[in-house]
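Single chain ahead, written as structure tokens, the form predicted on its own.
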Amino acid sequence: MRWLNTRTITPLLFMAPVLVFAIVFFFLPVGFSLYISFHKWDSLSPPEFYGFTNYVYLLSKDPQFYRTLVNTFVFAGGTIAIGIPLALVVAYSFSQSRFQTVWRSIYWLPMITNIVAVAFIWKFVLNDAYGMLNRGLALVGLPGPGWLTNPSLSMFSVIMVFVWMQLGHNMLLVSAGLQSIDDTYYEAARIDGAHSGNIFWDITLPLLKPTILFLLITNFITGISYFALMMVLTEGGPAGSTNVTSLYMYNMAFSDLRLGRASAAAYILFALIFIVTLIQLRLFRRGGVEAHN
């Protein structure tokens, strides 16, 4: 065959390991999970075809599923609302410093630290009785709340820990966006007599829109599919206040052995992520066009 020549075979040989890896560890598991979502399966007996029963049950007969969805969106929304503006302020402040590399390294450390280790450290810091934070509050005569045991505070505590973990990653991306802005914009603005506040709002922020959009989408996807921190810090408690959908799916699959229903929940979550991401892209692009006009 004419197409079987060196120019054709060589690239395929180089791509073969990646393709095999993608097929074995991505496409096959995704396809199998979709198949299982239409079945009742406990991994111990053969799958039993259920049709859309798993989806119908989750969407119409499982109030716990909806509660975890609310918790998931609260967590994802909270991490975005706090984390991205904080990263923007920190990165912009450090961009004026001579020690940018040092600060970036310090804020990057939580990202390369094992999540279990980070969670246990914060669990000690936020403990009601002997936690460092409550002990510090006691020194100044303030009562220490139950950061992880009070249902009204537990989600906020988990959000703040996650924001602390993601700050270095977000800050580096914002820093890269700041460095990509041409200095001539700032020079022209200063010549025209613009103040620092005007320069930030009228030049820096609009030119950072692609970076902010990327952070919005990636932080939302990460937040809506995250559960490791809750699993170690609160185990979904107290009273289910930090039980997000991913953690609910994990327990459904590996504790209750309802793998079909857990797979169906995963695809419902995927559909929600896809829809919200499209909405974000639409709104952000529309805002960008209006701002430009």
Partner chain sequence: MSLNSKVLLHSISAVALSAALAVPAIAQDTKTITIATHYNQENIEPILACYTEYEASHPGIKIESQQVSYADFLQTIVTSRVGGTSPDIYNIYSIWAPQLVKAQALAVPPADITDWIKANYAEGTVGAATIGGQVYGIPTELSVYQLVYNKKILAEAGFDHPPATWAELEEMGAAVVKKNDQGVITTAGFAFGPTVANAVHPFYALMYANGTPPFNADYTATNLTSPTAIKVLTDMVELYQKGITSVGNEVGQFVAGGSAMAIMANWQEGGLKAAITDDFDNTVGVAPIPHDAGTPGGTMLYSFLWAVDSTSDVQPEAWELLKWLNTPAADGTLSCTGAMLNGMGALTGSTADTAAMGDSLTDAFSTPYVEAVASGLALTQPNNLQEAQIERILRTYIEQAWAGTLTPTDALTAADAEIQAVLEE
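Numbering follows the first chain given and starts at 1. Just so it is clear, the structure is predicted and the values come from calculations on it, not from any experiment.
The protein also exists as the form predicted together with its partner chain; that form is not presented, and the subsequent description refers to it.
Within 4.5 Å of any heavy atom of its partner chain in the predicted bound form lies no heavy atom of residue 202.
Shown alone here, residue 60 lies farther than 4.5 Å from its partner chain in the predicted bound form, counting heavy atoms only. Although the partner is absent here, residue 40 is a contact residue: one of its heavy atoms lies within 4.5 angstroms of its partner chain in the predicted bound form.
Remark: residue 257 counts among the residues lining its partner chain in the predicted bound form, judged by a heavy atom distance of 4.5 Å or less. Annotated contacts: 45, 138 and 250 all touch its partner chain in the predicted bound form [non-hydrogen atom within 4.5 angstroms].
Heavy atoms closer than or equal to 4.5 Å to its partner chain in the predicted bound form belong, across 119 to 144, to the residues 128, 129, 130, 134, 135, 137, 138, 142, 143, 144, ordered by sequence position.
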